[in-house]
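Shown next as structure tokens: one chain only, the form predicted alone.
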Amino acid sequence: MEIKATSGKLGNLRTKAVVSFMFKEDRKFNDEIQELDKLLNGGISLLKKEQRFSADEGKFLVVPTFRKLKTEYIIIVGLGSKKKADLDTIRRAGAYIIRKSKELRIDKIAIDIKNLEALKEKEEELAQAFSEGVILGGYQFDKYKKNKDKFKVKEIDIRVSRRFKSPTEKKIKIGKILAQAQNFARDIANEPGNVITPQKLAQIAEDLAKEYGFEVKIYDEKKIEKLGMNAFLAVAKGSENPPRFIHLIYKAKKPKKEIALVGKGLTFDSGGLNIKPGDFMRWMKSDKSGACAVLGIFKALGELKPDIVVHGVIAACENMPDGKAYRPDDILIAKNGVSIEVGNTDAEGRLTLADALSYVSELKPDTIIDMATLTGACVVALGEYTAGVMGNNQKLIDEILDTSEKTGEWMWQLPFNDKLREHIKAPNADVLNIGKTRYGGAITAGLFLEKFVDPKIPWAHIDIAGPAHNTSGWYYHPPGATGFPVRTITSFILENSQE
């Protein structure tokens, strides 16, 4: 799909459909739509009245022109209230439009964002948000379906003021890269466990490195053992598929900072010997979503080429039950020497992250960010659409939260406190891998991870258990993997590369 900036009068654009927007507070169409309405003998106004179109968000007024104009349709899209509208409103509108276009079999669209002054955003920012929404909202994981809808929207022209055409084209390109990277992460996360094994995840990392010139290191189980990653190795022991430790490195010529990203890479999680009930084991292919996000971010870095160094680390394995599987009450010594008493084998992600965080701490980066589908407790606390953020540095947490507001990937800070630290004190080791009660489970998981991070390095943990995967879909996320938080962390990296 080609997305490009254009200018000129709406009535002169040669396209299948002209799309304009309307807020609930608007009493009339903008000037150009009113002109087109006159050419259609008031047809737009008549349909608006007959259909009681109120411009609620996501509602459409579809007006055929019957060849009286150069376009076949005039489509008015409701944006809801001006008071609530922001950049994510435009992303969502992009998703609504791409779906409606497929429904109507319209393969070429012109979008008018010139008349959106109410949002008080630059036209180029609106164009980027719209291009992200179109690509994200049009995503489908239909690789294994025999009967596929092969219809594609081929071209989208985003109409802006002539003086903003050049910066808008640059922002459209960034939006496309970010959304395509998120879709790349979605593709991997949506693949089932019989396709994406730890070895396959490592192969994808190697393919990315080859395509974009990254450095890459892949460690097998022997090297993992040599590195002292006993917590990670314990989780992996119950599976026939051997683990892989993945280290990708993006390195600019004149880097301004160094950032380490860690993604939880459980390609499937059965719960181990503390096996999950069947309903809870469903969708555990998504337990690799943090790792997939790291790979998506690296795809974006390869395209955007910011002035920074980024490490991407994934401890990839399966958590399965067999005679070699680790047990409750086992004591494991992590890479940094901290001893861990196993309270529950289904609290395995934090064990793999413990060694990964110890590993990246030794690299002495300026910042560490991990992302993981870590706890059901976070979903209980924040719901299915919001990630929990915690860590050892308030400035870093604030930067991530500020960025997430712009990207529309919802996040909320969860607080660390000393009373909850008491909940992970182990009777026979330095730390217990699960809280002593179910209360505050997302925070006690974060406090566990804190034990494996150099306290001198700013670190943030993002629990994406809620928004990483959904079964019903929302806004520009179809059912399945969402690719959360690829756009937020990539945008954070871009901001830090300019400091």
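For every residue, the number given is its place in the sequence shown, counted from 1. No experiment lies behind these values; they were computed from the predicted model shown.
One more form of this protein should be noted, the form predicted in complex with a small molecule, which is absent from this view; the next part is about it.
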Within 4.5 Å of the small molecule in the model of the complex, do we find a heavy atom from each of K254, E258 and H311?
no
Name the single residue among I246, V294, A347, A110 that comes within 4.5 Å of the small molecule in the model of the complex, judging by heavy atoms.
A347
Residue (of K276, K122, K154, K102) lying close to the small molecule in the model of the complex, criterion heavy atoms within 4.5 Å
K276
Which one of these stretches, 376-384, 334-342, 90-98, 389-397, sits within 4.5 Å of the small molecule in the model of the complex when only heavy atoms are counted?
376-384
How about I434: is it within 4.5 Å of the small molecule in the model of the complex, going by heavy atoms?
yes
Whether A465 contacts the small molecule in the model of the complex should be assessed with a 4.5 Å heavy atom distance threshold; does it?
yes
The small molecule contact at D269 in the model of the complex, heavy atom, 4.5 Å
yes
I'd like to know whether E318 contacts the small molecule in the model of the complex, with contact meaning heavy atoms within 4.5 angstroms.
no
